[in-house]
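Heads up, the chain below is alone and in the form predicted alone; it's given as structure tokens.
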């Protein structure tokens, strides 16, 4: 059985978890306190980052590379479209959420409010929190614009782009940092993706010291 070394609220880990679950690949989840830099973990990934996936006799790091490997090795059901242009758009949006959204929103809200406490790095920086709360509005509006023109973020079918976005938003939703009333189309998109069987284990996550909000696992939120 595959093993995934992860942190429950890490959006990069969640993206890999969603890919594995959607493709029905059984996987043991192992929580890894990467900040403690355990020697055994450093041997698995000298970068001291999660996720790390052990599968097919290989040990893999970096969520984008892992998801691309899973797509090529286990192509059904597909999370990448067939056409070259459509695949580009998926990769562009995965990059958008894992780079721009992460730097402007996730790192300013989730990392300040949760990661700092868990890793004992001090208190949240109020300036970063305010910047993240402002930036997420722009990103939700951009998602609304995309979804006004498409069924899913990258086109007519659900893809890895939707999983990348949902991984970040589900982590932020756990700490009540998403205003779902800002856009009905984004809320409807999230309700659709949240109701997929692949999402079940994510909705069951519990982080000590940070209780789930009442609506978190509610499919009709």
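All of these numbers come straight from a predicted model, not from anything done at the bench. Residue numbers count along the first chain shown, from 1.
Another form, the form predicted in complex with a further copy of the same chain, is not on view; read the next lines as being about it.
When a further copy of the same chain is considered in the predicted bound form, residue 49 lines it closely, a heavy atom lying within 4.5 Å. Within this chain, residue 58 lines the site of a further copy of the same chain in the predicted bound form, having a heavy atom no more than 4.5 Å away. Contact annotation for residue 180: none of its heavy atoms lies within 4.5 Å of a further copy of the same chain in the predicted bound form. Residue 92 belongs to the set of residues with a heavy atom inside 4.5 Å of a further copy of the same chain in the predicted bound form.
Shown here without its partner, the chain carries 28, 41 and 118, none of which come within 4.5 Å of a further copy of the same chain in the predicted bound form through any heavy atom.
Here the chain stands by itself, but in the predicted bound form one stretch of 157 to 165, 182 to 190, 28 to 36, 60 to 68, 60 to 68, has heavy atoms within 4.5 Å of a further copy of the same chain. Along 121 to 138, a non-hydrogen atom within 4.5 Å of a further copy of the same chain in the predicted bound form is carried only by 138.
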